[in-house]
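Before any questions on how it binds or moves, here is one chain, the form predicted on its own, in structure tokens.
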């Protein structure tokens, strides 16, 4: 566990810069929009307790940090441990990370390492027994040694550079099996067919709840806003799995009632936006918020902090332990549309399918400055969307609030161009 805090003293948590940053965002999310679903109060209160007041989240067993969606959480649950995703969206932690990270580093990586280096971070990183770090991008790969230098135990979960070949599939399966051995060594527990099946059932219930929420977002007019959808999926990073699932099921029930009553969460002709690119991670939800403050509505996303995290489910041919582990490995590799892979035709197809299914009027593509894989891929995505007549706004940004005015102007202009396009098409 970490024994090398970066700060000699820590202020009362509710007076910290990180807490003020979170509170400012939550006030905008909760107070600046009318008709928030009643079931969202669970999530508003959860984030206020944890991020604004520093209240710990109660979990069972050993805590295992993860830095990416490629870490198989069912495997961690099966060993009686609890996964906590460490990806961080705080500008405060981004600035801490900037003290020892290169200036052109991705803000997500800087903020994640900054939170691990800080004394009173959220979630509570000091109680982590292990950090599982999938070797996705170069920056996360190099981060392993830096995290270890802070006093944490790290397991590098090695990904292949491609996912189409059988060689890549076998390589990844071996990586997942090595993780299972490391978790057995950590927890002293044995992996069995029964405990893995129970873990898979728990996450399957959560995925089913998310899929229902995903389907409800297809409704036109929209039943609820994207700013709430991102808050719900971000809560999955650290909340108790069963409590989170029950809260989403309550939200789904309320949204289904709204659907029967013909409720509108946004204007009927509000531009429907598909969000993709670098992931919106609390409290850095500035771009989705700006879109909806300007009169648009984020109806769908293709990001690793929401849709990509929970949509795909595990398929098992034979309920034998080795087959279950291999099926679990496939679930985290085969359907993944992350741009880290050498070819990514699946992501292009997925975006076009989402655009069609959700009757999207335009796409907003967020690329964090320094996030090379998203920066490199945006041109091919823009060409594919343009060929289908779907307008796209490309935004390169970071965690700083300094560009809010400029971004607001660009988003307003983009939404107005969509409205003009729709008027001319009538």
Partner chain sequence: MKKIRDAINGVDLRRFRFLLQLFFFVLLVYGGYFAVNLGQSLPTFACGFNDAGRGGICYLLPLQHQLAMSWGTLFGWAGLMVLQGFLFFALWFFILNKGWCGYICPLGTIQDWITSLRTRLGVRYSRYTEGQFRRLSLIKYLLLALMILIPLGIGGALLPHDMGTPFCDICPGRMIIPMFTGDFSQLTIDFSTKTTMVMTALGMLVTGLFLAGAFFKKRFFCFFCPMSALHYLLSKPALLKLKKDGAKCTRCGDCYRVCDMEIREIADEVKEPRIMQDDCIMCLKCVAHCPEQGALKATFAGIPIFESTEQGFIKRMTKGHHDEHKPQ
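Positions refer to the first chain, counted from 1. These numbers were taken from a predicted model, which means no experiment stands behind them.
The form predicted together with the partner chain is left out here; the points below concern that form.
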| item | value |
| --- | --- |
| Heavy atom of residue 326 within 4.5 Å of the partner chain in the model of the complex | yes |
| In the model of the complex, residue 335 touching the partner chain (heavy atom, 4.5 Å) | yes |
| In the model of the complex, residue 322 touching the partner chain (heavy atom, 4.5 Å) | yes |
| The partner chain contact at residue 145 in the model of the complex, heavy atom, 4.5 Å | no |
| Candidate spot 269, 308 and 409, all three touching the partner chain in the model of the complex (heavy atom, 4.5 Å) | no |
| Stretch from 271-279, 223-231, 197-205, 296-304 whose residues place a heavy atom within 4.5 Å of the partner chain in the model of the complex | 197-205 |
| In the model of the complex, the residue from 258, 211, 243, 178 that sits within 4.5 Å of the partner chain by heavy atoms | 211 |
| Among the candidates 254, 156, 330, 124, the residue which, in the model of the complex, approaches the partner chain to within 4.5 Å (heavy atoms) | 330 |
| Residues in 170-196 with any heavy atom within 4.5 Å of the partner chain in the model of the complex | 173, 193, 194 |
